[in-house]
Ligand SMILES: Nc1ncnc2c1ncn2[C@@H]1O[C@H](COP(=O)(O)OP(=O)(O)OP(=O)(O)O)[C@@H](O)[C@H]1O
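Only one chain is given next, in structure tokens, and it is the form predicted alone.
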Amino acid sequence: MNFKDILAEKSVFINKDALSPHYLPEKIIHREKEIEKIMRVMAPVFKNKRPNNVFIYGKTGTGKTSSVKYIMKQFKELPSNGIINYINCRMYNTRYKILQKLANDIVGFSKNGFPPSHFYERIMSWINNGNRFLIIVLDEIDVIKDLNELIYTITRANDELKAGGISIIGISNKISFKNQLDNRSKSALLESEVVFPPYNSEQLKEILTYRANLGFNENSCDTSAINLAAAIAARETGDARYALKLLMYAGEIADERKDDVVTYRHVEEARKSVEKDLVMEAVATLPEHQQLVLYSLALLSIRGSKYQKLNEENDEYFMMGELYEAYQKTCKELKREVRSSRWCKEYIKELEALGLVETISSGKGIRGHSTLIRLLYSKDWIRKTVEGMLLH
């Protein structure tokens, strides 16, 4: 076997990239209303007026980032005094890093060792001197550590500017993150809001059919594969990324077996790999303290409860108080600052929303009223996965 032999093998794919969640297609299906709403917010820039800030939220895989990138492409095709700058906040998660990146992208200056005010002044000068409008897309805005300070800086900038302006497009998977903003930041950031609802089964079928026509050779993907991938994703989360990965992995399995057509059987087999892949991705993108809570729950699940439960059927569940004790111990061992039990409860809510844990109210047999929590994935696998991320 050599590379020539591998490259000569038949494949169900004509363009595998078209099935990637990161691929930007020519058209975005079933997001026309949301795209129009965002475009209307941004349109004043073409009349030399500053657009409102806009906050976009919805669950993972609802087309938020793809829609904004599609709008950015359209935006750049028309002449204006505006510029859009996209920032992935997973990589640039502080006010300093964001101002430094903006200064580099806009005026080509990104040297380390300078205070934030230096980058700020360069950006301000660029805007003022050309009567320009800067639109900053902050993808996963909720992970910015000092978001209130960043919003305050931008709000102040608009008060100081003699010409032009700065606007924010914030994208988040978490609606609850707004509760962490102070009132001034909230009123500035939430001038316009756009919600991206989950896709239903029929919408996912259309999205997958469109992508399958781009990604697979003719007659290489059976409708049964598309229907099952759409049904699974709709039932689980309404997540288009999940559906696309199911179809792409199914195609890879078909290629491995030298099958000419992708069918529902390949999708069924792909499901386990995709679920593990998405859980790994979800865990990797969790804030550190949510990872610490998840890790503590995995350790509890392995060691077992030190409290005797009258209802042994619930031996996979742990009381909130016991989990908080385990979390405190984990934080001390890993030399991390311990957050309050109230924050721990918030982290559990986020983990449950992501489908990583399940909670129930305690019934008879446990004194008082408590929330019981259990892992929804393998305790050993979760422990190893999170441990690798926390100790890297």
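Quick note: we count residues from 1 along the sequence shown, nothing fancier. Computed from a predicted model, the values in this text were never measured in an experiment.
What follows is about the form predicted together with the named molecule, which we do not show.
**Prompt:** Does each of Lys145, Leu181 and Pro287 have at least one heavy atom within 4.5 Å of the named molecule in the predicted complex?
**Reply:** Judged in the predicted complex, none of Lys145, Leu181 and Pro287 sits within 4.5 Å of the named molecule.
**Asked** Just one of Asn173, Gln100, Asn93, Ser185 has a heavy atom within 4.5 Å of the named molecule in the predicted complex. Which one?
**Response** The residue from Asn173, Gln100, Asn93, Ser185 that makes the contact is Asn173.
**Asked** So which of Lys33, Arg342, Lys27, Lys47 gets a non-hydrogen atom within 4.5 Å of the named molecule in the predicted complex?
**Response** Contact with the named molecule in the predicted complex is made by Lys27 alone.
**Message:** Given the stretches 65-73, 321-329, 334-342, 36-44, which is the single one in contact with the named molecule in the predicted complex, using a heavy atom cutoff of 4.5 Å?
**Reply:** Of the stretches listed, the one contacting the partner is 65-73.
**Request:** Give a yes or no for His266: in the predicted complex, does one of its heavy atoms lie within 4.5 Å of a heavy atom belonging to the named molecule?
**Result:** So His266 does not count as contacting the named molecule.
**Prompt:** So, in the predicted complex, is Tyr199 in contact with the named molecule at a 4.5 angstroms heavy atom limit?
**Reply:** Result yes; Tyr199 sits at the interface with the named molecule in the predicted complex.
**Asked** If you check in the predicted complex, is Asn53 within 4.5 Å of the named molecule, heavy atoms only?
**Response** No, Asn53 is distant from the partner.
**Prompt:** Does Leu244 make contact with the named molecule in the predicted complex, using a 4.5 Å heavy atom cut-off?
**Reply:** Result yes; Leu244 sits at the interface with the named molecule in the predicted complex.
**Prompt:** Quick one: which residues from 112-150 get a non-hydrogen atom within 4.5 Å of the named molecule in the predicted complex?
**Reply:** Contacting residue: only Glu140.
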